[in-house]
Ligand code: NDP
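Let's start with one chain on its own, the form predicted alone, as structure tokens.
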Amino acid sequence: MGDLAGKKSLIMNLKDRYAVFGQPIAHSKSPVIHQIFARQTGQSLEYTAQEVPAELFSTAAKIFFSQGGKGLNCTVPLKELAWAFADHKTGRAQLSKAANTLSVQADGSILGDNTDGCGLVRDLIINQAVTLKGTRILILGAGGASRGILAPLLEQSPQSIVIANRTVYKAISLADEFQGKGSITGCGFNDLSHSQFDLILNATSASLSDRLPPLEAGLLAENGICYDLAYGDTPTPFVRWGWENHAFKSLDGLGMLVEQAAEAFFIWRGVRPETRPVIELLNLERRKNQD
């Protein structure tokens, strides 16, 4: 019996190890998502969540990889640190100067990638049937979350993108970095008066502390859509703001979470999982918890 238990333990230890680092991390649905992906695709792996503050990220990542870890997802507030930690970066990670996916290469080096933008675009276009071409887009916030989604959004040829931020120069500076890829400008929240947008994306961290960015009524065009990159078990303040301002759809980032996870899974395992069943399952569980 002891030999059997030992063999089972050895088999468990041989599973490829992945994890998500962040702070806070207790709410993360990433372990559940990747476990479903693994079952769906017949992969043998384990995926855990680990609370890691920014000042300990480099040490924690080195330990994880030195102990045989194959890949990391990194969330708030670690994406810029993950980018700096990586030995090499993909083109989209270079553009965003942030990495949410780290993977060990054949030579032992660490590759940094950013799957947030493509995850957002896939959720909007495929899952939500949102047209991005020719639309007026407002992005709230000029941090790493905004930086990670800009290039994929610009590739969809919107009419314009405006970045609004409390610290105005950050919004202007970020917009300047992407000049030449499309019509993009930066401004402060107070400069949005008399403007209207077809799609408003909340890329601030306000929802994580149950707050709302300083928004005036009237910003949302008729049939406009609101999308919060954050997600939760209950509607975020920004999702509620969308409803109150008669959005055609007001969504949180659960679909983006699943889509960016699927892209990371593909990078790590070379197989692309089906996302729609996972999104439907998570939404069903969320509705049950709300009842």
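Note that residue numbering begins at 1 and tracks the sequence as displayed. Please read all numbers here as calculations on a predicted model, not as lab measurements.
What comes next is about the form predicted together with this ligand, which does not appear here.
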property: Segment that reaches this ligand in the predicted complex - one of 154-162, 137-145, 217-225, 89-97, heavy atoms within 4.5 Å; result: 137-145
property: Residue among V52, V239, A61, L257 with a heavy atom within 4.5 Å of this ligand in the predicted complex; result: L257
property: One residue of A206, V104, V130, L192 in contact with this ligand, assessed in the predicted complex (non-hydrogen atom, 4.5 angstroms); result: A206
property: Partner proximity in the predicted complex: T167 to this ligand, non-hydrogen atom cutoff 4.5 Å; result: yes
property: Residue contact check: K181 to this ligand in the predicted complex, 4.5 Å heavy atom; result: no
property: Partner proximity in the predicted complex: Y47 to this ligand, non-hydrogen atom cutoff 4.5 Å; result: no
property: is_contact(L251, this ligand) in the predicted complex, heavy atom dist at most 4.5 Å; result: no
property: In the predicted complex, residues of 216-242 near this ligand [heavy atom within 4.5 Å]; result: L229, A230, Y231
